[in-house]
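To begin, one chain is listed below as structure tokens, in the form predicted on its own.
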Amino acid sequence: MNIRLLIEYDGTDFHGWQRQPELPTIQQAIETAVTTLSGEKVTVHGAGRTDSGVHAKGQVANFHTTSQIIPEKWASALNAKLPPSIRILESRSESESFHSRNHATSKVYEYYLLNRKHASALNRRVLHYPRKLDWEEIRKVLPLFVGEKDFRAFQGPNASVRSTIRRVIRFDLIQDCTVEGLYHFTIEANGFLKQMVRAIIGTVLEIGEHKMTAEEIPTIILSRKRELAGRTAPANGLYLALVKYDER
């Protein structure tokens, strides 16, 4: 049986999604919980390999099992074994061929930023950014990242991929009217390179501080040189919000 999971987690205390020796990861925690319940050693495949400190609202994963646990009961059974920072929101059966990463058509990430003098006691899983930002200038530059482009200049170190070309479907900015200074970026693409979202966010923030200009972005993209783009934004403001599939 192939079980599909919808997962929410606070990545603060984890070294990302992917299993690593001697380090706590989301994948390892869920696999351990599945083994405890079923007695089987399984691999839990995640749709997105989120980095250390990155959170998720809508991570999707799947694993194969011969357990007799009813598919819809896996969510509550796993939650009883997992730490409170990881919650399985939904579990259900899928076709045997379904793979959470290979069959995803696009992924949506959100980046939250609190742009005011003092940090918040309540909104701690956001980037506190006390420096002044030109938000109108930031809004102008977002469309320059949309489309099919080579994003090598926004890829993190030690990455190995066949191609660095990705198609960004949308890149939006929303201001939260209920919290002073709270903004969030939403970026959707057919795939992301290692640290790509954080590198893009770091770059647009430098534009917001007038350390870079919008006119430099096309040149940076064409250069394929990471050193020409902006800094990598911290992980704590980033969320994997949604994974989309062709559900026909």
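Predicted model only: the values in this text are computed from it and were never measured. Don't overthink the numbering: it's just position in the shown sequence, from 1.
Omitted from view is the form predicted in complex with a further copy of the same chain, to which the following refers.
Student: Whether R19, V42 and H64 jointly form a contact site for a further copy of the same chain in the model of the complex is the question; each needs a heavy atom within 4.5 Å.
Tutor: No, the whole trio is out of contact, none within 4.5 Å by any heavy atom.
Student: Only one of these stretches, 92-100, 156-164, 131-139, 110-118, has heavy atoms within 4.5 Å of a further copy of the same chain in the model of the complex; which one is it?
Tutor: The contacting stretch here is 110-118.
Student: Only one of K149, R152, K81, R125 comes within 4.5 Å of a further copy of the same chain in the model of the complex by heavy atoms, so just point that one out.
Tutor: Residue within 4.5 Å of the partner: R125.
Student: Would S76 count as touching a further copy of the same chain in the model of the complex under a 4.5 Å heavy atom rule?
Tutor: Answer yes; at least one heavy atom of S76 falls within 4.5 Å of a further copy of the same chain in the model of the complex.
Student: Is it the case that S85, even though its partner is missing from this view, gets within 4.5 Å of a further copy of the same chain in the model of the complex, heavy atoms only?
Tutor: Close contact exists here: in the model of the complex, S85 approaches a further copy of the same chain to within 4.5 Å, heavy atoms only.
Student: Even though a further copy of the same chain is not shown here, does A56 get within 4.5 Å of it in the model of the complex, heavy atoms only?
Tutor: Yes, A56 lies within 4.5 Å of a further copy of the same chain in the model of the complex.
Student: Mind listing which residues of 163-184 have a heavy atom within 4.5 Å of a further copy of the same chain in the model of the complex?
Tutor: Heavy-atom contacts to a further copy of the same chain in the model of the complex: nothing from 163-184.
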